[in-house]
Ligand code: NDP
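Take a look at this one chain, the form predicted alone, written out in structure tokens.
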């Protein structure tokens, strides 16, 4: 076994997880990734190699968020566990528990196993959706790590609820369980940046939807954006920096509208300019259309919202310099074109 601290990254086949694994490997750490089956192991090794890291110190263990089996072995001998695995569909299910249960219960499975293995620190991949939807905030409120989404709000999607409930359950566990690891939560906004292979994230699938001309008009929504490369560095910095246990870190730089994403797609791929949305829909039309199109249900909480937020903490505590929203989205589009996926 390597003399470097053993790092475990859950959900190793995910878009963000591949970048996190590569960042750890480039810094000389050995990494064990968890997969639901070993069928994706070679694809993860190939992706890590394309990201400029040697997969020679990368191993895998089989573990699933929906069952206890495998988690004790998966985190054995680890100093740090980075828990990225959580379902993020492009369409919202009728039953919110379809997302909530694996997100919450899977997180608790990882934490119980980490506690049993005397893991020193867990870095949890949460989301800004667990920050941006508290109740009773004025429109001029500047959101930060001090805010927590109210998961009882009736306008929240299943995904927003799942991320919030999972993070709150994790804090409850680590703060009340003797011997539990110190936890750090990373709360990225809408993750953009270069795709590494054809196993696309939901954020990248959005461009494929736009490129097909599915929506001649876009909902009038704006959301904070972050680059996957910066989010990966935030996770790695959070893994070993002393004195930051118990902290949350909002990762985002700038904002873009959905219409603006379409404009970037048209700018970078002129042959698709006729496919992207030509104008923004009024909110009432989006709400009506969402009764027929599940993909639109995901954006309903964003209608009429503009989130002013502070990213000062991640810059100060973790030393990050963040890429801007346009740069992150442009990199996403260019990578999809290079991969011939749009």
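Please read these numbers as outputs of a predicted model, since none were measured by experiment. Positions refer to the first chain, counted from 1.
One more form of this protein, predicted together with the ligand, exists but is not displayed; see below.
- Interface residue among 207, 159, 249, 133, judged by heavy atoms within 4.5 Å of the ligand in the predicted complex: 159.
- For the options 219, 181, 188, 262, the one in contact with the ligand in the predicted complex, meaning a heavy atom within 4.5 Å, is 188.
- Put simply, residue 66 is close to the ligand in the predicted complex: some heavy atom of it is within 4.5 Å.
- Of the heavy atoms in residue 24, none are within 4.5 Å of the ligand in the predicted complex.
- Heavy atoms of residue 102 reach within 4.5 Å of the ligand in the predicted complex, making it an interface residue.
- With a 4.5 Å cutoff on heavy atoms, residue 36 counts as touching the ligand in the predicted complex.
- The chain is drawn here without the ligand; in the predicted complex, the stretch among 170-178, 239-247, 144-152, 196-204 whose residues come within 4.5 Å of it by any heavy atom is 196-204.
- Not one of 258, 330 and 335 places a heavy atom within 4.5 Å of the ligand in the predicted complex.
- Of all the residues from 121-142, those having a non-hydrogen atom no more than 4.5 Å from the ligand in the predicted complex are 125, 126, 127.
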